[in-house]
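Quick heads-up: it's one chain on its own, the form predicted alone, in structure tokens.
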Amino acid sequence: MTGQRESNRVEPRHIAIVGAGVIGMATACCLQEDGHRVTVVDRQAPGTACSWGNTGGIGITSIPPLSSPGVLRKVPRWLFDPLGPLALDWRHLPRLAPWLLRFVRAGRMEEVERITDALNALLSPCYEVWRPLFSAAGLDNLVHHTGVIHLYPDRAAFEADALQWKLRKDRGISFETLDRAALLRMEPDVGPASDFAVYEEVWRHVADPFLIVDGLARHFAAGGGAIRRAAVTGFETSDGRVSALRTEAGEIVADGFVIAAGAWSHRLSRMLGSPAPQESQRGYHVNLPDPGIEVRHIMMDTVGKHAITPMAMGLRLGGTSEFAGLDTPPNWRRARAIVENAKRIFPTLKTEGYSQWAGDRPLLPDSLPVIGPSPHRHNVYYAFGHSHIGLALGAVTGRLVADLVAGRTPGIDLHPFRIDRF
């Protein structure tokens, strides 16, 4: 799969996309390039939900699934650690339990290998597919190619993570291990809590995720695309097709429809006969306007499970996973825990004047997104569930959806990503 279009002519249609995050806006641009008239519908402005608050990594090598053999043994320690990477609202547990069972099943080794192959197929071309879209939208200056550093307390901790690195190595992904001296040559301000690291050169990161989505939206609008601010309340259907979106601002009639509404997508797919076991994996970030240290690369803290990214607005610390449901208020102690973890890594870090944010990542139990046609509505396409790799997969997903709408054979096998796989 490349970033270039096949030259065959596409019959123009009117396509309505629900969702103005990075997936929705990248898909809108790809459909527009094919000559379609496109309308994007969202209750919020482009890029102001989960896409606004991510940690900016284009994680080409993020192919190991979240569930793996032995992950359950770590969960109790994480849950009872106030600074740990995982939190659970116990009131949500009865609703979460069926999802957790599927999550555990996805951690069997044969499933891990299958899921890793599927994610590798999506992620390996992701930057090359993004490149022409970034250029067309004038966003090249926001993308930095410095690679990623994964921080470990010591070599033993790295060796305990052996499966993650074997999954990458078996698929041709190269990486470099760094002892303390080598790490300090790359990041002089890292404190003594990190004595070992792994460097992956292929990663990129962006200076501001919101500006990426906003730039896509501006590019799309300049090409004649329409963006409507409205909440979708339902669908008009007949003869196995959707004829219109029902919104709080009236109906939107179109020839085809894309559901790319992030963590809310499963509520819409259920209306269309395709329930999906999606959960909100709530994440938090903190922006430090004057951190008092120099950070040269995006870094991943393997203990606290959060990212550290130098951005235009300062230093962004983000991550963690909270399972509390979509409708519960944020637990801001999770943001403060990220700050405390960052102080462990950078003892001289200045945290005065920081801002905090929380957002809902869409997560399926097998860590794979849903990308593909509806099995029930012939003119509906799904593009959601991208969890922590939505920024990386925006353009790839958009190209795949555009191929489906055009009747082209996608360059990636979409069978693993079908909505009815559960």
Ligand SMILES: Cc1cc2nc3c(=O)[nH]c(=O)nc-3n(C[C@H](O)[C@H](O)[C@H](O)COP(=O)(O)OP(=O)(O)OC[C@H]3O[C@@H](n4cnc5c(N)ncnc54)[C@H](O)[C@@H]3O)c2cc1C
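Residue numbers run from 1 along the displayed sequence. The shown structure was predicted, so the numbers you read here are calculated from the model rather than taken from an experiment.
There is also a form predicted in complex with the named molecule; it is not shown, and the following applies to it.
**OP:** State the residue from A121, A337, L139, V232 whose non-hydrogen atoms include one within 4.5 Å of the named molecule in the model of the complex.
**Re:** Of the candidates A121, A337, L139, V232, V232 is the one lying within 4.5 Å of the named molecule in the model of the complex.
**OP:** May I ask you to choose, among G372, P365, P65, G359, the residue with a heavy atom within 4.5 Å of the named molecule in the model of the complex?
**Re:** The residue from G372, P365, P65, G359 that makes the contact is G359.
Subject >> Segment that reaches the named molecule in the model of the complex - one of 173 to 181, 281 to 289, 157 to 165, 194 to 202, heavy atoms within 4.5 Å >> reply: Correct option: 281 to 289.
**OP:** Decide whether H388 counts as a contact residue for the named molecule in the model of the complex under a heavy atom distance cut-off of 4.5 Å.
**Re:** Answer yes; at least one heavy atom of H388 falls within 4.5 Å of the named molecule in the model of the complex.
Original post:
Would R43 sit within 4.5 Å of the named molecule in the model of the complex, counting heavy atoms only?
Top reply: Flag for R43 set to yes.
**OP:** State yes or no: in the model of the complex, is some non-hydrogen atom of T55 no more than 4.5 angstroms from a non-hydrogen atom of the named molecule?
**Re:** Flag for T55 set to yes.
**OP:** Answer with yes or no whether W264 is in contact with the named molecule in the model of the complex, where contact means some heavy atom within 4.5 Å.
**Re:** Flag for W264 set to yes.
Subject >> Partner contacts for 16 to 47, taking the named molecule in the model of the complex and a 4.5 Å heavy atom cut-off >> reply: Stretch hits, in order: V18, G19, A20, G21, V22, I23, G24, V41, D42, R43, Q44.
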